[in-house]
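The form predicted on its own is given below as one chain in structure tokens.
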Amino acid sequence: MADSMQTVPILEVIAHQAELKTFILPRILDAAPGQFVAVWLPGVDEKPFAVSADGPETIQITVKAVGPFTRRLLNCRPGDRLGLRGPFGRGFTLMPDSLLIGGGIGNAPLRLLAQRLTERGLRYTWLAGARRAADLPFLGELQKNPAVRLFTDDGSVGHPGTVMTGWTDALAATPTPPRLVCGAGPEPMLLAVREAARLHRLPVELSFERYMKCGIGLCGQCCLDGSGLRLCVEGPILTEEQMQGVTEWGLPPRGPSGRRPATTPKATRP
């Protein structure tokens, strides 16, 4: 499918909570875990989203209300039509004995990764965290998965604390060190995962976000300072080797105009 746009009907909407929903759409594309699709809401805008699961005839997109576009999207109902382009970017590597670390809505792309690993009989451990239980998508599903360990800041479900709280325990509980650490979530969490992986000399693949327009590497909107990497093409999944050349980690990302905000926003915990 790549860059061609097709419109599809929404088949079903699953409300995890009022501001966190999963949309089930016809499967008109095949996305690898970590790749993203561009979702067009007619008359509004187009934004990138990771695929959170798929089946023989459907794909799923999980959406959290974070701005005007997502709030409008969350008002859509079955039968409404959306435009889809993609898939775009580079996905996660399917590696046995992987350690998956997700914060909040970042658990969405890890869900498809876990699905693919399970389908291939590859062992993994998944640390899934959020501020509170209501911020964890697919909570019931996660609670039934023996490979998942849950963490919430307020202790409302799983272990109290962030996913980094469980890092040491997860490493100690596995018979062999993880062959790959895969992370998705808020950037401060990802940078903490990166540092911990470097300390333990573990390879990482982390999913980063930036404002994207074209999705095919032409506009340069999502280029990372110091490296020239286009997150929509060479990412959104980056290895340690790719991350080493980037100089903008920890800075507020650019907005639609290409400018950075004047002040640094508060860090978001997983």
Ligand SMILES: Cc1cc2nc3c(=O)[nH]c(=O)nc-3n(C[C@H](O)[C@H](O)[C@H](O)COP(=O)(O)OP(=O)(O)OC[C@H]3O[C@@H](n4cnc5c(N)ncnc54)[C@H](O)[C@@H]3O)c2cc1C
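Nothing here was measured: the structure is a model prediction, and the numbers come from that model. Residues carry their position along the shown sequence, with the first being 1.
One more form of this protein should be noted, the form predicted in complex with this ligand, which is absent from this view; the next part is about it.
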Spell it out for me: taking this ligand in the model of the complex, does every residue among Phe36, Thr62 and Gly67 have a heavy atom no farther than 4.5 Å from it? yes
Look up in the model of the complex whether Met189 has a non-hydrogen atom within 4.5 angstroms of this ligand, and give yes or no. no
Indicate whether this ligand has at least one heavy atom within 4.5 Å of a heavy atom of Ala108 in the model of the complex. yes
Applying a 4.5 Å heavy atom distance criterion, does Trp40 contact this ligand in the model of the complex? no
Quick one: does Leu29 come within 4.5 Å of this ligand in the model of the complex, counting heavy atoms only? no
Only counting heavy atoms and a 4.5 Å limit, does any residue of 26-54 reach this ligand in the model of the complex, and if so which ones? Phe36, Lys47, Pro48, Phe49, Ala50
